[in-house]
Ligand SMILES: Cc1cc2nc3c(=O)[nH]c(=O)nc-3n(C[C@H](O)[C@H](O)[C@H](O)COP(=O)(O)OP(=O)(O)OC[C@H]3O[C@@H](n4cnc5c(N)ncnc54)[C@H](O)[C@@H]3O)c2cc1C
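Heads up, the chain below is alone and in the form predicted alone; it's given as C-alpha cells.
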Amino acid sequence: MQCCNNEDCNEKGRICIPESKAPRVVVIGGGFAGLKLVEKLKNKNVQVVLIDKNNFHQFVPLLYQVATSGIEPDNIVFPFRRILSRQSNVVFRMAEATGIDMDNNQLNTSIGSVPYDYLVLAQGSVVNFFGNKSFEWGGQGLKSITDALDIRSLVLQNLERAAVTCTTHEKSVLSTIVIVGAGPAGVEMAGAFAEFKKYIIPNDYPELLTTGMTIYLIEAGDRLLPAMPGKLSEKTLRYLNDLNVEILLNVKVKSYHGSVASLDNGQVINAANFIWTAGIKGSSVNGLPSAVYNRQNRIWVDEFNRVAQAKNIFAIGDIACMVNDKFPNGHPMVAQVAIQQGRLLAKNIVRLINNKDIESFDYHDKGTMATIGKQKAVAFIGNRSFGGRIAWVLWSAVHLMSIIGVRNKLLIAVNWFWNYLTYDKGDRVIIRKYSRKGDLKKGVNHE
C-alpha cells in the first residue's frame, strides 16, 4: 500500500495515510482485542488504521517468564508490520492517542490526526496502584515487556549487590521479594521465583547460601486465585508451600518505602524487591464524556460493545465494561474476552456498513488456568477442575498454541524442554540497568 503523497497532510496536521473510498476503521491498541479485530477485517471492504504506541504485539500471559529469566523477551513480542504484512487494507502507525474529537469524527495522536468512520478503543489496561503513592514510587507492576525486563533487572541487580555485601541483614533485604496480589500473575510469579531460588541460587550465588532468598506472596482476600473453585485455591496453596513461599492471606500492604513494606497487621517486611500484581484499570483516552467511565476507568458499553453516547465508537477488551445478568460487574479482564469481542465486532462493523442487523456479545468462558512450577498447575475448564501434571500439560499446550509465529513457538518449546530437563533458566543477564523511581540514593534504606 503506497503512502498518500499528499503535502496537505502535514499542513493540516494529519497522519499520512493512503487514500481510500472504503469506510475507515481506526483501531487504538494492538493487544489481543485490537489485533483479532484487525485480523478478522482482512480483505473486507474497509480501510483499517491501527494505532499503537509500540511497534509490536506482546503476549502478556508469559510476561512473568521474562521477568524471572525463563524466556527471552523477543520470544513473546511480534512486530505489527510483520503480522500485518499480508493485509493490504491495513495501515499501521506507531503513535500515542491523545484525544478524540467526537464532533468531527477525528482521532488526535502524537504524530497528527486521523479522520474515522468507525473508531475502536482497544488500548487495554494499565497497573492500578489505587492511588497509593508509595506503591507508585517504589513498586513495580507487570503489564508490559518493559515491566518484565525491569523486574528481571531489579532482582538480578539486587542479587549481585547481595553477593558482595558483608552484612547479613543487607544480604537478606536485597534477596527478599514481596509479591502483592494472588491472582494468576502473582501466583505464577511466586512459583517461578521459588524455582529460581531452589535451582539457580545455589549454583549462581553461593554467597547467598547462608541467607537464601525469601519470597512473600501477599493477598488481601482469604484465598489464592479467587476466580477459581476453592479446591484449586487449596491445591495452589499446597504447591506454593512445598516451594517454601511465604503466603500471607487476609493481609493488606499499607505502604512501601525504600525497602520496607508495612502491613495492616502490624508486620514489617524488609525487602528491596516489591512487585505489584494486585490490580489493573482501563487505559483512558481524552475526549469521551466522563460519564462513560466507571470506577475502574473502564468504558461503559452496550451489548454490541458500542460506547454510550456514541453511534460509531466502540470499546473492546479490558477497557470495555459490559454489564448483564451473568456479569453484573462486567466481564473479566482476560485475553479470551478480548479475543471474542474483537472477533464479533469485526463481523458487526461489516454488517453495519452493509445496513444489516448486528449481533450482541455473548461470552463463552473457555476456562482459567495458572501454573505454579514444573508439573504443577491448576485449571478450571468446562466446570471441571484439574491439578498437577495434567493441568500443567494443558497450560503448556494452550499457551504454546496461542503464541504468534512458528519461530517463536519453536523457541519457547525448546526453552521449556531444556528447563524441564536441566532445571535451568534462560540467560540471566541484565540487559539494561534498572533505576526505580524511589531510588534517590545508593544502598538500601533500612528505616
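The first residue of the shown sequence is 1; numbering continues from there. Since the model is a prediction, treat every value here as computed from it, not as a measurement.
Another form exists, predicted together with the named molecule; not displayed. Remarks below refer to it.
Q: Using a 4.5 Å heavy atom cut-off, which residue among 180, 299, 213, 285 comes into contact with the named molecule in the predicted bound form?
A: Going through each option in turn, the one that passes is 285.
Q: Which one of 185, 253, 240, 83 is close to the named molecule in the predicted bound form, taking close to mean a heavy atom within 4.5 Å?
A: It is 185 that has a heavy atom within 4.5 Å of the partner.
Q: Can any non-hydrogen atom of residue 408 be found within 4.5 angstroms of the named molecule in the predicted bound form?
A: No - in the predicted bound form, heavy atoms of residue 408 and the named molecule never come within 4.5 Å of each other.
Q: Just to confirm, residue 96 within 4.5 Å of the named molecule in the predicted bound form by heavy atoms?
A: It does: once the named molecule is placed as it appears in the predicted bound form, residue 96 has a heavy atom within 4.5 Å of it.
Q: May I ask you to state whether residue 143 is within 4.5 Å of the named molecule in the predicted bound form, using heavy atom distances?
A: Residue 143 belongs to the contact set for the named molecule.
Q: Spell out, yes or no, whether the shortest heavy atom distance between residue 70 and the named molecule in the predicted bound form is within 4.5 Å.
A: Residue 70: no contact with the named molecule in the predicted bound form.
Q: Would you point out which of 384 to 392, 23 to 31, 409 to 417, 41 to 49 contains residues with a non-hydrogen atom within 4.5 Å of the named molecule in the predicted bound form?
A: Checking each option against the 4.5 Å cut-off leaves 23 to 31.
Q: Would 106, 306 and 352 all count as contacting the named molecule in the predicted bound form, using a 4.5 Å heavy atom cut-off?
A: Checking in the predicted bound form: none of 106, 306 and 352 is within 4.5 Å of the named molecule.
Q: Using a 4.5 Å cut-off on any heavy atom, which residues of 192 to 221 would contact the named molecule in the predicted bound form?
A: Stretch hits: zero.
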